[in-house]
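Same chain, two versions here, written out as structure tokens and called structure 1 and structure 2.
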Structure 1
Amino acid sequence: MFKESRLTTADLVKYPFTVEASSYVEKRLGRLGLEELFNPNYEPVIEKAILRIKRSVLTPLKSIQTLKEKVDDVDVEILSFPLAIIMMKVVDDPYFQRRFALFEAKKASSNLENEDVEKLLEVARKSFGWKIFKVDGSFSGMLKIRFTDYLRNASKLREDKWKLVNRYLEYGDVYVTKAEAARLLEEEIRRHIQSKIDEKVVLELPKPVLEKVEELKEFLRKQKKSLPEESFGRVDFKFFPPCIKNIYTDILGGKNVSHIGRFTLTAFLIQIGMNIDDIVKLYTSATDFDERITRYQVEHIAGLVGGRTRYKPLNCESMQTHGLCVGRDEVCQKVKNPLAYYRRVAVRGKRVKHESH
């Protein structure tokens, strides 16, 4: 059994995904549940939920650690989180949904890293069922986490230090620092929030709320126009094959993408004519972005440095082998690589456009 919660109401503002925050929301709203949030009395909560979503879009990921948010009303702050998730369901845009989940997770992990270790342990144990403990003796100051909890979250992190072979493992427990535990929790929190957004629930929102959501959709549409895809010159996103489109939106959303996925996307974009600066800019959403390293890697794939070989993306068979093939359509059946897909669809699109004139 767990001891009485150490989390205060102020903590619930910082960690609105916790079981304690969920209980708080249930008690606050009573038997009507989340439907009560559509009551006119809760308009400040609706406005805060919209602001929460907008901040997730407008705030650079690298600035989250220094983000200072003023809390005027604890109730409004806590209640705005589940409402924001409902709104993201209705918005139904995978890129912005992933961005929201990542933003909230990064805020939480930044706070957890600066918390008393006992609070970090409580969040990990009570909200996610982690088996995690403080370490005594020669490893005092470290934490140990069950390898299953570790692998579930570290498997998405690309740096060598996260590989299990590079960790100290004892009796099924992996030793980590407090900062590393917070980073692993970030992955857990992101996945948890994303799962809440992805839940298939039929929602009937009242007209005033739907009107707010439509305003939010318009805001997001305008934001999407400013994404790199709009400045690619002759490169057109709508002609991308499903596999490349999926990798591309994952990168823009700050999602962790495998090395082979990044290589394939970069090689594809180079081959269809995107310039180096735009490709480098695309990766600024990545959590481990380093401009110097990224530029060198892009230039290497472009054949501008190193062995001077201009690489091509994987073919369809290799994409399937690496698990990068998703949502095959009728064009996929007729081509053997992503470049052939792009060229076929682009030619067809230009032909249709010409005939329409």
Structure 2
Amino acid sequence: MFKESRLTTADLVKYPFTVEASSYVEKRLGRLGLEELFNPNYEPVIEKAILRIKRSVLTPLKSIQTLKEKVDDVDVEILSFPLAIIMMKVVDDPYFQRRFALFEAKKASSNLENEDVEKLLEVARKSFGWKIFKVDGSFSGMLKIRFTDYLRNASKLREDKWKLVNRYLEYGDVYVTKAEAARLLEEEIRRHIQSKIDEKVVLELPKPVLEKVEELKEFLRKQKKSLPEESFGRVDFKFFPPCIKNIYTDILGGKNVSHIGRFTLTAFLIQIGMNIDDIVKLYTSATDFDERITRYQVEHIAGLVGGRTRYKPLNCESMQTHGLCVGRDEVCQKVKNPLAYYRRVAVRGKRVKHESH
């Protein structure tokens, strides 16, 4: 069926985001496309899509690598992926959307790492347009990848080894191991899935399916109760400046955030009155940070341990220098630091609320 591809149908189960998987879905569903799935015959696909989403929330990031999934029906597996993406649009919650993208990407990446290298190359090239090749000679066993493909993904990773300056770079190609290529692909896949979720195309879900999604939303709402966001009290996310909002959602989505980014978010949250436990929970629930170390760092920034200085978040200028500023909105023009932004907007926000009563 896929003469031109090295990917088997079993591979499409593992890599349902690939172009090959998309054309499989297209062929399988015919002219009606995904709407076909609302036919009662496809009940298992709907159930599977919901399960996919639930698992993305319930599985700790650390155990994704050892995750074993039982495949009963390849069709159900492959078809449930695009449906889950549509459901995530309806769920309309950035945290769970990011979490879903991250979960699927990590799962695929860990599979790719253990796969024959040719398959990894196939996915990277065909689905994401990477220029990636096997290397002969003294670097035999390694892969070389165009530096632009490398940077698009590695610039989001914070360890020293990902910095371009610590890489062997030759005529535009960066040398990486297969495991490293799989890690870089994880970033690419995550962004790809996220962009699919963010696409504005809406597919009307029929009532029975919508009801299921409502149940799913209820389930997610309950999950969220155990997350710090709800226990914010007087701290209100919608008053955050764009830069802090960005770091905050990155953390919630399990993305890599630079040390300075975490520092400034922590200092910000402390300054606006979020309690230490909630901040620690924020970091440990969404990432694999060690709780003990995280607590120490948060307490340090709060001035409870160490030098007893209560740190302030970076000001706008430093945020820009560190590349944390994501563009200034109207309020930004009037303030010099993220805290002033929050206070300004929060005061106004409360006033508006008051007036409207």
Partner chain sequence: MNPIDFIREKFRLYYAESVNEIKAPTFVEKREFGFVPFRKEKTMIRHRGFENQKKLQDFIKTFVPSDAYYSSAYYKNPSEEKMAEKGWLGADLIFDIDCDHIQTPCKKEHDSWVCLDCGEVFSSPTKKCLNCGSEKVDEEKWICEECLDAAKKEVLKLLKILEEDFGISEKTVGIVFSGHRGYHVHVENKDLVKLEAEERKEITDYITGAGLKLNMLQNLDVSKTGWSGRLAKTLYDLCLKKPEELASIGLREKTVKKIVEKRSQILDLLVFGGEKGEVEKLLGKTVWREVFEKAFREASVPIDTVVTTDIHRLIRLPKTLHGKTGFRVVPLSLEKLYEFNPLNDALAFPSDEKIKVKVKNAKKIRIGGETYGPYKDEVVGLPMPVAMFYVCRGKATPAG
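Every residue number counts along structure 1's sequence, beginning with 1. Everything numeric in this text was worked out from a predicted model, so none of it was measured. Heads up, when I say rigid core I mean the largest set of C-alphas that superpose within 1.5 Å between the two forms.
Colleague: Between the pair I just shared, point out the form predicted on its own.
Modeller: Structure 1.
Colleague: Under a superposition restricted to the rigid core, does Ser22 display a Cα displacement of 2 angstroms or more between structures 1 and 2?
Modeller: Comparing the forms between structures 1 and 2, which are aligned on their rigid core, Ser22 does not shift its C-alpha by 2 Å or more.
Colleague: Take the rigid core as the frame of reference and indicate whether the C-alpha of Gln320 shifts by 2 Å or more between structures 1 and 2.
Modeller: Yes: Gln320 shifts by at least 2 Å between structures 1 and 2.
Colleague: Using the core for the fit, does the CA position of Ala267 change by 2 Å or more between structures 1 and 2?
Modeller: Moves: yes, 2 Å or greater.
Colleague: I need the CA movement of Gln297 between structures 1 and 2 once the rigid core is aligned, reported in Å.
Modeller: Here Gln297 registers a C-alpha shift of 3.6 Å.
Colleague: Please report, in Å, how much the Cα atom of Glu330 moves between structures 1 and 2 when the rigid core is superposed.
Modeller: The alpha-carbon displacement, core-superposed, is 9.6 Å.
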